[in-house]
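For reference, the chain that follows is the form predicted on its own, supplied as structure tokens.
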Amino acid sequence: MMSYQLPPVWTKLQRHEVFPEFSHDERARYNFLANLNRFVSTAIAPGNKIAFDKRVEPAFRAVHGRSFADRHEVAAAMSNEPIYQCWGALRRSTMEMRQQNGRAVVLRQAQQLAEKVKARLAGAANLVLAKDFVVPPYLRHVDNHLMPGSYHTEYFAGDVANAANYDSGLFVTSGGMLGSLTDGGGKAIAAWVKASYPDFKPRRILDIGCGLGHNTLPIAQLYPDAEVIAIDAGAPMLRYGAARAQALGIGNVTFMQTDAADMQAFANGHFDWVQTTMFLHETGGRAIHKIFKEINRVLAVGGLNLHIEQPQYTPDMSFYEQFMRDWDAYYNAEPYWGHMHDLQPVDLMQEAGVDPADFMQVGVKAVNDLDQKKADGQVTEDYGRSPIWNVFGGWKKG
């Protein structure tokens, strides 16, 4: 009999002053979906590899006299496999249901949430929204993670509904693997930098694509004397993030509405550390190069440039794994995912002013204060949901 470890219950999430209110049934739905997500990734996903090894690859080889040339051939061959169809349908359905539940929760209390945020921000100076800001087209055209309106849509003046949806629901998508404040990525990278470079004392830190600041705040907490600027295109995210930071007692972060491809608000060499966390795969093809050029401009000589992402598609990664990781690009409203993971990080770093000789790449695992150890001590890889990430970057020397 197959067994797997249940995720922590949703009520283990740390609530704060601007967090949405949930009824008993709404909490129960989230717990069901978190468990379904874990079951799909643990009990069903491994069947894809069995089908690939036992049926799909041998059948392809018998017809073509060779194995697969790329992940796209794997995708075509796997598309009719019942186990892959089952896994994909369930994975898509859990995301749709998670968004539907979260959306219903926040829209019924949207006005109250906006009022809470407004009250918390009264007299605060940690939010800067741009007048007549135009959301970049590559963001406007996508409902990331199947969330209607994505990160930027406002249903009325002062709205924070989609941000509250994201704050309360990311626990479900990740199965609780990112901790009680869903900030395991930020905690991991902050701890890694502190341990690896104990003498590094940044005065100004820039977090690009911050969303509502899940991963920004742990960095700000570890460097309390630093001025932290967190930028994003979505006003609801920034509004909610600024209020959330205030509610959690973190006062050295300013949330600012800015296009990362055109950061005119910042002078050349202004920052000692520039950071992104799971942002680049949601960035359009041309924009990503503009962003790295801007990073080069705003990062000081001697500054640190770091980026947390899913693993890149390299010659060492099998076509099967590349195909599985591509699922989000086709079925989870992440159209830029595949292109970004085809790029070579060392090339992006050169665009950002980092010499290839100074390029670094490491793996980090999210810090999870809700961690429930599995019997084998391993993390099940679901090709996009694992809390183990690829970190690349370097120091700018000139």
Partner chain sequence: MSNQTELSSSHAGGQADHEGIDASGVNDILMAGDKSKGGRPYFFNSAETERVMNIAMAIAAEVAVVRERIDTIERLLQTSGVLRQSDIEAFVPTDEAAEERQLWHARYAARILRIVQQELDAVAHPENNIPMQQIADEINDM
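Because the structure is a prediction, the values reported are computed rather than measured. Numbering follows the first chain given and starts at 1.
If you look for the form predicted together with the partner chain, you will not find it shown, but the lines that follow are about it.
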Checklist line | Contact check for C210, Y336 and D342 against the partner chain in the predicted complex, heavy atom at 4.5 Å | finding: no
Margin query: If we define contact as a non-hydrogen atom of the residue within 4.5 angstroms of the partner, is W327 a contact of the partner chain in the predicted complex?
Written below: yes
Notebook entry, point to check: Can any non-hydrogen atom of E154 be found within 4.5 angstroms of the partner chain in the predicted complex?
Noted result: yes
Margin query: Is it the case that H141, even though its partner is missing from this view, gets within 4.5 Å of the partner chain in the predicted complex, heavy atoms only?
Written below: yes
Checklist line | 4.5 Å heavy atom contact, R29 to the partner chain in the predicted complex | finding: yes
Checklist line | The unique member of H289, K194, R297, R108 whose heavy atoms fall within 4.5 Å of the partner chain in the predicted complex | finding: R108
Checklist line | Contact residue in the predicted complex, from A76, C86, L222, A247 (heavy atom within 4.5 Å of the partner chain) | finding: C86
Note to self: Based on heavy atom distances of 4.5 Å or less, which listed stretch (261-269, 280-288, 133-141, 304-312) is in contact with the partner chain in the predicted complex?
What the structure shows: 133-141
